[in-house]
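One chain follows as structure tokens, the form predicted alone.
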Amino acid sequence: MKMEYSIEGGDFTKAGLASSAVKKVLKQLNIDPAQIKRIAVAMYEAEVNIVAHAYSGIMKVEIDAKKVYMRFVDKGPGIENIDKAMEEGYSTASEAVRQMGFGAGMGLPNIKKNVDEMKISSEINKGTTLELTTFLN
């Protein structure tokens, strides 16, 4: 099963809608609730990262009997230092984003904690690609 969603940068009113739609599908497929929770956290954090930091992005999800594969590709400023961005509490979010309660610097660390595999690549002034995999029990 394949799904694809467009994500608009800066539109926090729609942040989480794509993740919620996939979560609903995972429930319909009777995936273990504990795994759904972990996948949903990772998807939501990645989706909000696009909303908070990029101009636009796409979330693609592929589900089969063995795994859930998620790919987030955004058009945006990119991540200058991925190692630093992986540190808990480090954030490049704007003050406006922080005032809305986002940008605490926990997004990428939370994503990593909730998936089995995580790959991230980024190019300055082009964007970031995040690939996540969770293997199903």
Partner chain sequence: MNEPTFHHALKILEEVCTGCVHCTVVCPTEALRVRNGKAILNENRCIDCGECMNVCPVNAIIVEQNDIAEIFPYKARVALVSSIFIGQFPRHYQTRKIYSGMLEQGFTHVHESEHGAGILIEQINQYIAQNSQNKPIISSFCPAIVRLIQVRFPSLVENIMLLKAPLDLAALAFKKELIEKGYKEEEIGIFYVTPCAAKIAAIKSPVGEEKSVINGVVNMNELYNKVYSTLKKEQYSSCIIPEKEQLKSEEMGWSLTGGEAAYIQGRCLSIDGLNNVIEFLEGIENGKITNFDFIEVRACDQSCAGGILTVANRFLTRERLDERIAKYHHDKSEGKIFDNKTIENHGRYIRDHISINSIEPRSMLKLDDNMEAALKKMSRIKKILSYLPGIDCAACGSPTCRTLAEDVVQGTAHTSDCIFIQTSLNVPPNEEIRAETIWGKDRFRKLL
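Everything numeric in this text was worked out from a predicted model, so none of it was measured. Positions refer to the first chain, counted from 1.
The form predicted in complex with its partner chain exists for this protein as well; it is not shown, and the discussion that follows is about that form.
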item	value
96, 82, 29, 58 - the one with a heavy atom within 4.5 Å of its partner chain in the predicted complex	29
Among the candidates 51, 73, 108, 40, the residue which, in the predicted complex, approaches its partner chain to within 4.5 Å (heavy atoms)	40
Contact flag, residue 44 vs its partner chain in the predicted complex, heavy atom cut 4.5 Å	yes
4.5 angstroms heavy atom contact with its partner chain in the predicted complex for residue 24	yes
Contact flag, residue 118 vs its partner chain in the predicted complex, heavy atom cut 4.5 Å	no
Non-hydrogen atom contact residue 33 with its partner chain in the predicted complex at 4.5 angstroms	yes
Any residue of 117-137 that, in the predicted complex, places a heavy atom within 4.5 Å of its partner chain	136
